[in-house]
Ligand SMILES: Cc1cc2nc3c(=O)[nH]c(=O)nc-3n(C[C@H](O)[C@H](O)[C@H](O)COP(=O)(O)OP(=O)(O)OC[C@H]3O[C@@H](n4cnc5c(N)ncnc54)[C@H](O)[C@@H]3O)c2cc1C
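Let's start with one chain on its own, the form predicted on its own, as structure tokens.
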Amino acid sequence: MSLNHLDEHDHHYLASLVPPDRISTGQSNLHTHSRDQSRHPAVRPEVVIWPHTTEEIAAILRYADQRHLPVTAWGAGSSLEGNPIPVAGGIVLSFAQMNRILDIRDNDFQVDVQPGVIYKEMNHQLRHTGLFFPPDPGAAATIGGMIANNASGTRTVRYGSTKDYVQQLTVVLADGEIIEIGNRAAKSSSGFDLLHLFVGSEGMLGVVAQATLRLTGIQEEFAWAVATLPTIAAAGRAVFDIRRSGIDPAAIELLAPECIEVINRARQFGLTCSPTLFVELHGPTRQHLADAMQILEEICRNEGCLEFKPGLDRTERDRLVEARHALGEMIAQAHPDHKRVVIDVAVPISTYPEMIAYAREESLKVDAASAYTFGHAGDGNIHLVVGARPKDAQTWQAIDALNSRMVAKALALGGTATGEHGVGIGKIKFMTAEHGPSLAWMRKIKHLFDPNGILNPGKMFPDNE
């Protein structure tokens, strides 16, 4: 189904649906909503609209569907695979102003939010309740964007990803129909699980207008440790052994030596430049954590641990967490004239040592000015950041080949082409290899919910169908 560009009548009608200060064709606004944090080419929409209500979203989609106008939902623009780039132009729905916490029901461990709420700000407001929303992708992501990409992050190994915390959604379908899916109960066996069909759908099946999220209690006690290992392979084996040990870490982050070097340079940590594990433990008592810390140290020592720093105080722990979250920014600052791509794969934990060693070996074959290996090791996720100057065609060709080899290796090990960044534009070419005949059923689901193909077109499916 072909899509249309907006004409003068379209602009006039859309302007009648919202106040003048919430619709724009200004060049600065179009530019802001033309690209995310990936290296994929920017594409400007034809208009940006900031809705405030579900009914406004419905009215916009109803008209867009009738006119076959493309619509792309926009959260914070922090995606890394071109997920929200409006490749067909058209309308961008920006949720920057639809950002209210509607209700906190701490007795039910739940919160109702609009899609533009930034998860970090939400957790800050929840602190007085003793509850929090665990998924932690690091960037200043919105709840709507996290739902669209099933975001995860450092704490996924213990707490799970976004899909594990979405209980109910209000969704506006492509034709403007408003539906509610899920419920507020702790569990349900009622009907098909439409809820999780929309989580991770990258805004291609409907637009989330409201979400009920499950919360969990903030642990009374926590501890962090830093373990320095002699090789990437040894660090990978330690990760596997930690997962098998039963100590249930809240986070296991693995950073290769070049990552430690850039952190030391940017934040003056003085860490040993060798493969390093950052491990966070949560528990009900200090004794529980002390016992777990002892097991953790034994595991790391068995893999030839060069240095083990247990029991970091809160100040040092917060500095490490902030540094880990800022690693991408530090890499960018270290190479200001480079573009970067973040290769993101995940594998079963039993194959993690093999995958992380492969990533390290393959990255050294690329004549790139920057290559950094790290990841959320506890859930088998690996990030390989590689970059070069924008006009260095030869190096970019080598980087693209590296990306393909990394994905092929991950799939061969029973893993996935994208552990947490989604498909967007960047991972389209791997979808057939990963999903096989089931990809055709994803297409059918897309057509069922969006027969005119207006929602976030040009994403996920090969040939942009």
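This one's a predicted model, so the numbers in the text were calculated from it and none came from an experiment. Throughout, we count residues from 1 along the sequence that is shown.
Not on display, but discussed next: the form predicted in complex with the ligand.
Of the heavy atoms in Trp74, some are within 4.5 Å of the ligand in the predicted complex.
Among heavy atoms of Ala148, some come within 4.5 Å of the ligand in the predicted complex. Proximity of His421 to the ligand in the predicted complex falls within the 4.5 Å heavy atom cutoff. The ligand is not drawn, but in the predicted complex it has a heavy atom within 4.5 Å of Phe95. Checked against the ligand in the predicted complex, the candidates Ala292, Ala141, Ala238, Val347 yield a single residue with a heavy atom inside 4.5 Å, and that residue is Ala141. Just one of Gly90, Gly153, Gly387, Pro134 comes within 4.5 Å of the ligand in the predicted complex, counting any heavy atom, and that one is Gly153. Stretch 78-86 is the contacting one of 185-193, 274-282, 222-230, 78-86, since its residues have non-hydrogen atoms within 4.5 Å of the ligand in the predicted complex.
Proximity of Ile242, Pro249 and Glu297 to the ligand in the predicted complex is absent: no residue of the three has a non-hydrogen atom within 4.5 angstroms.
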